[in-house]
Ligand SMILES: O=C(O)C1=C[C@@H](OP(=O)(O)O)[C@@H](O)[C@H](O)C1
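What follows is one chain in structure tokens, specifically the form predicted on its own.
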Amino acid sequence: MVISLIGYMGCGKSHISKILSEKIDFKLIDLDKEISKRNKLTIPEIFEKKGEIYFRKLERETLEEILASEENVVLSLGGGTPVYYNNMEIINHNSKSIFLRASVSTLVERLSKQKEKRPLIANISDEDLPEFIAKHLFERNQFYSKAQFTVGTDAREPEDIVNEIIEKL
């Protein structure tokens, strides 16, 4: 079985996927890290050297390979992965999808501390960040909301979130 965690950057996918995979003894795969490892480049380097279209193609190919796997996997997806091609349909068809939902205020609080590590928001001022996230989240929610399950992450302990995911599955 593959369990796919989706949601906006800062919602907790990396942290929750690590705890979940350990608790249920599944292999952990972070899609962006897997793409980086296979291409021997960081995601920002792939974007810079080859462009976003090339990255999205790599992302799709890697996603399909992982979803076709016979292994038990917790898969942490990039925030944009569900938005491109028909990725969300493939994710739902080949895995159990969990949308980790966080409010704009929670995302702003978390992401404002990590801007230098996030190319998408690195050059956005702190005062413009809430509007940027709100707009981006609005555009992406139509894809995220197609997940089979939704789990809220605002003001919750990671262990509680993981337990709710296990209950839903």
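In this text the structure is predicted, and so the values were computed from the model without any measurement. Numbers for residues come from their place in the sequence shown, where the first is 1.
Although not depicted, the form predicted in complex with the ligand is the subject of the following passage.
Although the partner is absent from this view, Leu77 contacts the ligand in the predicted bound form, with a non-hydrogen atom inside 4.5 angstroms. Arg56 belongs to the set of residues with a heavy atom inside 4.5 Å of the ligand in the predicted bound form. Although the partner is absent here, Gly51 is not a contact residue: none of its heavy atoms lies within 4.5 angstroms of the ligand in the predicted bound form. In the predicted bound form, the ligand sits within 4.5 Å of a heavy atom belonging to Ser14.
Proximity to the ligand in the predicted bound form holds for all of Met9, Phe47 and Leu120, with the criterion being a heavy atom within 4.5 Å. In summary, among the residues Ile43, Ala134, Leu67, Val108, the only one with a non-hydrogen atom within 4.5 Å of the ligand in the predicted bound form is Ile43. Of the residues in 85-107, none comes within 4.5 Å of the ligand in the predicted bound form through any heavy atom.
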